[in-house]
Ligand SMILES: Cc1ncc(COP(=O)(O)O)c(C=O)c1O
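Encoded as structure tokens, the following chain is the form predicted alone, with no partner shown.
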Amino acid sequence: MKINFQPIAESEFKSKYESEDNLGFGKIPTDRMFILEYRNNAWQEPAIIKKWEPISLDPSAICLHYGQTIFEGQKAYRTEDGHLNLFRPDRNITRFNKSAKRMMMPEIDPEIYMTGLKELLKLEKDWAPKSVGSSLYIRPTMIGTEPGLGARPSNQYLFYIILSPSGPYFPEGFNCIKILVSEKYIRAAPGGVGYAKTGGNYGASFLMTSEAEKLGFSQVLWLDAIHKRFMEEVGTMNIFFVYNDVIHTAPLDPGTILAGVTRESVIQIAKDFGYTVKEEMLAIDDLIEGIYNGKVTEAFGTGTAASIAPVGSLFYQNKEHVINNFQNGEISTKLYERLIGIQYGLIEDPYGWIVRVP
């Protein structure tokens, strides 16, 4: 793949952040972006790495009217020797193309995706924070750009990658968060687009998420659409519960939750620690009962943005149900330390998950 590297005038480079203490999440743009256009049934050459700048769209662009948008969430972790580590990028590419297929968008060649990402990271390497817990967040995106008000898939697309130096997703860091269980609204239904990382899934969740934040909760726990009884996932995370000494998480079937890369990795690490993991539906009523009879000993969420986030309480049916005295659990702590250690190159990667960017 040919890449056109457009120069940036010295005067146009942004000032780097002065401190990593208050980076926030996804708020700071780096200098450059990677873009690639699709038209005439093919990805066009050259790809371009250029100055981060606004994208021009026709007011009738299909992405604006019919939601043909998908994205991924990845991170580059700075190691002690100054390299950047990508964590299982092949899984992100696979999920990106799965989302594209569901949204009637063209799949992208994994080599194009990885080449563009690596070249962009090499140029923007100095933006990557150095502290553990912070990272250079990566947002690959595809949108349907063809003008037209007919309800149909676009014939033109823009794939782009942008970066943002970011701190921990939750201001609590690796400490317990509070979650509100949604009893009225749902996130996804069987046969829908719950497994796709498409913008509409998130936009539709904002109302409930906003209500939760106003009440002092960090996230929303979604129940299944049919029975409103079985726990599925949290707004930005997959969710795990330790119940009867077994780690439980919702199954990927029937396609109502995201196939989290961190979720998959945590399951593997947990099994290697000797824990039993069950991917099966767990009813909210059984969980609440388990909190009080001692069967539920801890809960935690997993995701690229949040890594692993211990859950200290669930608010359900007008009552707060506290888990493990609102303390970080032993299992989630072990999983967090192993996961972070691999991602930042602090311990050996026995799985071959890390891709280093010089």
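For clarity, every value in this text was computed on a predicted model and none was experimentally measured. Sequential numbering from 1, following the sequence displayed.
This next part talks about the form predicted together with this ligand, which is not shown.
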| property | result |
| --- | --- |
| Of 250, 287, 261, 188, the one that lies within 4.5 Å of this ligand in the predicted complex (heavy atoms) | 261 |
| This ligand: the contacting residue among 97, 238, 166, 209 in the predicted complex [heavy atom, 4.5 Å] | 238 |
| Heavy atom of residue 310 within 4.5 Å of this ligand in the predicted complex | no |
| Touches this ligand in the predicted complex: residue 303 (any heavy atom, 4.5 Å) | yes |
| 4.5 Å heavy atom contact, residue 197 and this ligand in the predicted complex | yes |
| Contact flag, residue 202 vs this ligand in the predicted complex, heavy atom cut 4.5 Å | yes |
| Stretch in contact, per heavy atom within 4.5 angstroms of this ligand in the predicted complex, of 128-136, 178-186, 229-237, 267-275 | 229-237 |
| In the predicted complex: members of 323-348 within 4.5 Å of this ligand, any heavy atom | none |
